[in-house]
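In the form predicted alone, a lone chain appears below as structure tokens.
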């Protein structure tokens, strides 16, 4: 249980997809104009990444890795399909995004309209693909660890986009120099938040 807690905390604060690796910045910058839309996008990302990481873990360990197909027949012990990882990951992510899009359109048309084109673009959100690639690189021992990592990565991205959205709503009433208004000041604040999150690297896990 302690190992799972360590993976969860590390994926949120230390290995934050936005502030540690700057992944998923396109949606992060475009949607973070209001807290409402940011919360909706954040929950959508949590849902997608929490499902795609364990699904991709199963695909990697039972289909793609060398010898993974031995459960089908012993003759497949030397079959290595790991070169298909990228296309399989993207296919799984695209399927989950389509599911999320249909759910949001059904139950919250206003949020669906607010998110616009950026909702289907979750399929190419590099933070979600990055979570699956990190999962493969770190070779977690079980699907539970992979699921916790995926959920924690989604929560970290959620905190990042909601945090910057709240700040952007406040600075509308501040005297920001004209040259820095909009994305300029957002980049500066994101950099400062990234530096702040670096302080969590001192946590001993």
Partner chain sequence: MSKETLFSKKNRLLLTDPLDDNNPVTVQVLGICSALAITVQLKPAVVMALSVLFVLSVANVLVSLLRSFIPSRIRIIVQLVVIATLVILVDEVLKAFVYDVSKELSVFVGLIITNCIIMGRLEAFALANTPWKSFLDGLGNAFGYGWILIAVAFFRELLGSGTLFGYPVLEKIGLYELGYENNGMMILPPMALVTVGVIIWIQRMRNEKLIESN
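Nothing here was measured: the structure is a model prediction, and the numbers come from that model. Numbering follows the first chain given and starts at 1.
From this point on, the text means the form predicted in complex with the partner chain, which you will not see here.
Partner contact region in the predicted bound form: 170-178, out of 156-164, 140-148, 170-178, 48-56, criterion any non-hydrogen atom within 4.5 Å of the partner chain. In the predicted bound form, at least one heavy atom of residue 25 sits within 4.5 Å of the partner chain. With a 4.5 Å cutoff on heavy atoms, residue 71 does not count as touching the partner chain in the predicted bound form; it lies far away. Of the heavy atoms in residue 76, none are within 4.5 Å of the partner chain in the predicted bound form. Within 4.5 Å of any heavy atom of the partner chain in the predicted bound form lies no heavy atom of residue 111. Three-residue candidate spot 4, 60 and 67; no residue lies within 4.5 angstroms of the partner chain in the predicted bound form by any non-hydrogen atom.
Contact annotation for 127-151: residues with any non-hydrogen atom within 4.5 angstroms of the partner chain in the predicted bound form are 129, 130, 133, 134, 137, listed in sequence order.
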